[in-house]
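To begin, one chain is listed below as structure tokens, in the form predicted on its own.
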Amino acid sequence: MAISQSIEGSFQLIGGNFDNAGEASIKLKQELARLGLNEEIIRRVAIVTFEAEINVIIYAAAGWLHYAITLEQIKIKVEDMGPGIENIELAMQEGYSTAPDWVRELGWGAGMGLPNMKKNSDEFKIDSVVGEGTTVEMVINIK
């Protein structure tokens, strides 16, 4: 592994921009591969970042995906300027979705985003304020 110091970066996410859906998660996946991380870690990071990215695109006007890579872990923080989540417990249930029909017709919004993020993270935290936005913080341990 070629990590000698903390590596940080971020990607701006634009709500409704399905043409670039997955771009941030692909770029982070490529960075992790360049650093020589094992495939299982890269797979987990790709899943959580892709799901978070899609949620921003579906629900928010815009957002940011921040990451920090150290020898021990990968920290990911996704903040959005969206409507917020009224009931986080309900939103964490597999299959629960508030995605509009037109988003579902595109093949998104199946209600697996937040559960998949939690399932593939070693640490998972979500905070949301209705009318302001949502912040999801995830940690994936490397060792």
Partner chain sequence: MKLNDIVNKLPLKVNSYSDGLQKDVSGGYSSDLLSDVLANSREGNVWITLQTNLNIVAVASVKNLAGIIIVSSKKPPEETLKKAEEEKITIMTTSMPAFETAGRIYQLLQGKNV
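All of these numbers come straight from a predicted model, not from anything done at the bench. Positions refer to the first chain, counted from 1.
Quick note: we don't show the form predicted in complex with the partner chain, though the next part is all about it.
Q: Consider F50 of the chain shown here, and say whether it contacts the partner chain in the model of the complex, taking contact as heavy atoms within 4.5 Å.
A: Flag for F50 set to yes.
Q: Give a yes/no on whether K29 approaches the partner chain to within 4.5 Å in the model of the complex, heavy atoms considered.
A: Yes, K29 sits close enough to the partner chain in the model of the complex that at least one of its heavy atoms falls within 4.5 Å.
Q: Verify the contact flag for L90: yes if a non-hydrogen atom of it lies within 4.5 Å of a non-hydrogen atom of the partner chain in the model of the complex, no if not.
A: Answer no; every heavy atom of L90 is more than 4.5 Å from the partner chain in the model of the complex.
Q: Decide whether S25 counts as a contact residue for the partner chain in the model of the complex under a heavy atom distance cut-off of 4.5 Å.
A: Taking the distances in the model of the complex, the answer for S25 is yes, it comes within 4.5 Å of the partner chain.
Q: Name the single residue among A68, A61, A110, L35 that comes within 4.5 Å of the partner chain in the model of the complex, judging by heavy atoms.
A: Selected residue: A110.
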